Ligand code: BES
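Below you'll find only one chain, the form predicted alone, shown as structure tokens.
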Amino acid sequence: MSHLVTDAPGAVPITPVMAGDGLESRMAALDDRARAWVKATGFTAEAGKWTPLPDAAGGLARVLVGFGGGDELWALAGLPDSLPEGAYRIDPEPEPALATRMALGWALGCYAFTRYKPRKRGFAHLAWPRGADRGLVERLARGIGLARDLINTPAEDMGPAELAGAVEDLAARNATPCRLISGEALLAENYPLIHAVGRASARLPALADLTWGDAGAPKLTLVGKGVCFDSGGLDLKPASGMRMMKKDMGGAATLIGLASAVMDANLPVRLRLLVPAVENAVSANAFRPLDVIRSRKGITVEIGNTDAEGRLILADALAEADTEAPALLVDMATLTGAARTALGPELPALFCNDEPLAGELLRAAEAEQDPLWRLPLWAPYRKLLKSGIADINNVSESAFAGAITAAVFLQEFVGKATPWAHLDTYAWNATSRPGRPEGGEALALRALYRLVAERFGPRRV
């Protein structure tokens, strides 16, 4: 999907230009005709804006693109879809770190979901900048593209079997084991919460469990919420709340993409990817409000609301993940509307029980322009999940702090000694921006990849 090429004879140069002095300097280097053209088009070097410079024969001699303002990753991301088809190169060549970011932005700008409708035109191509880390660009573009494709696919074609199948396909591509537990086998193997949430659907609930890497390497465990469609169950959502629920498996999709990148890089970790995949449907055997279900960990859970199902399937998967005492445990989920109310669609909420880990992840997010915002695991709110007949309720009756109480619920299933991060994500671009088309999005994937690469060392050879 990257449309980055090694050979691009006759490629048209693209020159990034900073506003202010940078534009004045570039203007001074142009001939009178080109300067007049730039002024006529109103180009001011605003980040992401561009203008073509014609040659004497009326062809395309050069492209000037606005650059700066801390948005370097996305500086070129709008060009593949807006420039005339053909080959381009960056001139002058950027330094390696910047070259990598620009190339990744270009690659992400070449994403399109075409399963049901082909594009009417192709993307422009970019010659690889000499200093770019091609491996990093390609693995991140592949991982993000995979996640976007999974999220964008409608629930009719992306049910529990298909989502679990995506994990199995990933395992097959990397020649690594993947175990699939589905239907009544979930009860036999003690995953009662996953089974309860998914049992009302005609499509069997499942748990996909992938392992990869040297058994003696540090354990990295990823747990993704895979609710392929959420009707709300017996606590039925209104039509407006149900409309976007094909994306309720966005946490799982993002971590599948991350796992792909980790394996592509051959990072020195023992990776485990757990994806509980279900459809929260309505039928005669649906789980009910005020049911009590004993979880994998043995904690009894009263069902205060069947529409708070994501935390239930995560609870069983997290309990299993924690048994191996991983060096790093990350879960991701499209979990609460409260997080979106607080932070909006572009800013996932981070909850973390380990201060050094939280600091590392926030720094990685800032460095990657892949932002996160930390919210507290506020222990006093545990009382809001009190149940009169069970160990815990899956929801609070309070209208306050919904994202926090959800995270506090999940914390019950993770050991205190396990470094754990929970990300509450939207997994969707509500509007299109350069490199980030409207639709499914792998929010925080780049930040998490950087954290893992930095925490566990360089890739193996």
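Position 1 is the first residue in the sequence shown; the rest follow in order. Quick caveat: nothing in here was measured; it's all calculated off a predicted structure.
The discussion below concerns the form predicted together with the ligand, not included here.
Heavy atom of residue 307 within 4.5 Å of the ligand in the model of the complex
Although the ligand is absent here, residue 307 would touch it in the model of the complex, with heavy atoms inside 4.5 Å.
Within 4.5 Å, heavy atoms only: does residue 179 come near the ligand in the model of the complex?
Close contact is absent here: in the model of the complex, residue 179 is far from the ligand, nothing within 4.5 Å, heavy atoms only.
In the model of the complex, is there a heavy atom of the ligand that lies within 4.5 Å of any heavy atom of residue 101, even though the partner is absent here?
Looking in the model of the complex, residue contacts with the ligand do not include residue 101, since no heavy atom lies within 4.5 Å.
Taking the ligand as it sits in the model of the complex, is residue 352 near enough to touch it, meaning that at least one heavy atom pair lies within 4.5 angstroms?
Heavy-atom contact with the ligand at 4.5 Å: absent for residue 352.
I need to confirm a contact call. Of 377, 338, 110, 136, which residue comes within 4.5 Å of the ligand in the model of the complex, counting heavy atoms only?
Of 377, 338, 110, 136, the residue with a heavy atom within 4.5 Å of the ligand in the model of the complex is 338.
Between 294, 237, 386, 288, only one gets a heavy atom within 4.5 angstroms of the ligand in the model of the complex; which residue is that?
The residue from 294, 237, 386, 288 that makes the contact is 237.
Within 4.5 Å, heavy atoms only, one stretch in 197-205, 320-328, 257-265, 240-248 touches the ligand in the model of the complex. Which?
After filtering at 4.5 Å, what remains is 240-248.
Within 4.5 Å of the ligand in the model of the complex, do 230, 311 and 426 each have at least one heavy atom?
Affirmative, all three are within 4.5 Å.
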